[in-house]
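What follows is a single chain, given as structure tokens, in the form predicted on its own.
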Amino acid sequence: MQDNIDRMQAFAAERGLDVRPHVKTHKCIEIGRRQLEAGAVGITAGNVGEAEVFAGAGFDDIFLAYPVWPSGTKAGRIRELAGTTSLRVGVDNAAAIDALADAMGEEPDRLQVVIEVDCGARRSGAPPEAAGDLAQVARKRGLVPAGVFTYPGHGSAGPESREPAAQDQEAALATAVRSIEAVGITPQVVSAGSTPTVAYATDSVITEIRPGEYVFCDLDNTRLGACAEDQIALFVAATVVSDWVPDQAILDVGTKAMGREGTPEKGFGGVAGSKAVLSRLNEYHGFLAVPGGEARPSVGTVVPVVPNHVCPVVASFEELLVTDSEGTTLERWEVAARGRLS
């Protein structure tokens, strides 16, 4: 994990980029601190609750990279966060800008907003050409338009998708920057993601990167070519509890632990150092398909399961068991932002 943190920081430093890691991957204060110690300029959070947990631990530069709608308690919580941290919040529509300005009351200038634009993922995000208009709306309401960001999620479609998605990202951000500059605003930040595409996020328009999964890596990123197997740093310790069916072992991890991301073709997780995969999951049962020629682990054996997508798996657990490469130390780190979903 530390090697992954240091590697990403060195990559960014060589290219003059800031690193603002997404803490939704680990939700862990200790890991966030290590990322800052390595040189990260701040953190990215996925919701108000995550931001509150890290702010409470002393993190004072937070980008909430999500188009938040400040309903219910969120308005007051955002206002409080903006008073204790340097807070940026993502927006992609005028209604949300108005709602955030209302939430800030008489001090809207304490909140920075970053305009989210779509670069092809077809998720949230305004058309890049609309960035300037939205920034103007924010400025008129007293908020501080800080820049633009996007998410090239379509870069996860396959190994061949990573570079084209990064190129789409650069084009969208460049258009958004021109749109904002056309209304007399100079963007302080031009923010890019993500772990699958970060290797190609080298255009001069980009000022910061927001990778998250790089800290642990997972099977999906390995399949994409975004990481190597020996960079995977997180494993779910699963125990074989039954082995009556030939070429199969039942593990004590199911959807409650592993989530549902996967397919019968690629599996729902794999065992490190093996070709065995979880071919099926019930809530508490993992069906480990053991290919011919491989020894089947016996009942009571603990095996290291590698998730397809690490982020939702971490959120299923209360703590991480942390050891060094030799296994000579053991620490327990709380998954402090677990359960913070809004």
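Since the structure is predicted, the reported quantities are computational estimates derived from the model, not experimental observations. Numbering starts at 1 and follows the sequence shown.
The same protein also exists as the form predicted together with another copy of the chain; that form is not shown, yet it is the one meant from here on.
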property	result
4.5 Å heavy atom contact, Ala182 and another copy of the chain in the model of the complex	no
Contact label in the model of the complex: Thr85 to another copy of the chain, heavy atom within 4.5 Å	no
Contact of Ala57 with another copy of the chain in the model of the complex (heavy atom, 4.5 Å)	no
Ala171: touches another copy of the chain in the model of the complex, heavy atom cutoff 4.5 angstroms	no
Contact residue in the model of the complex, from Ile209, Ala257, Ala146, Ala166 (heavy atom within 4.5 Å of another copy of the chain)	Ala257
Contact residue in the model of the complex, chosen from Gly39, Pro297, Pro304, Pro67 - any heavy atom within 4.5 Å of another copy of the chain	Pro67
Stretch from 288 to 296, 43 to 51, 30 to 38, 271 to 279 whose residues place a heavy atom within 4.5 Å of another copy of the chain in the model of the complex	43 to 51
Contacts with another copy of the chain in the model of the complex, stretch 304 to 342 (heavy atom within 4.5 Å)	His309, Cys311, Pro312, Ala315, Ser316, Phe317, Glu318, Arg338, Gly339, Leu341
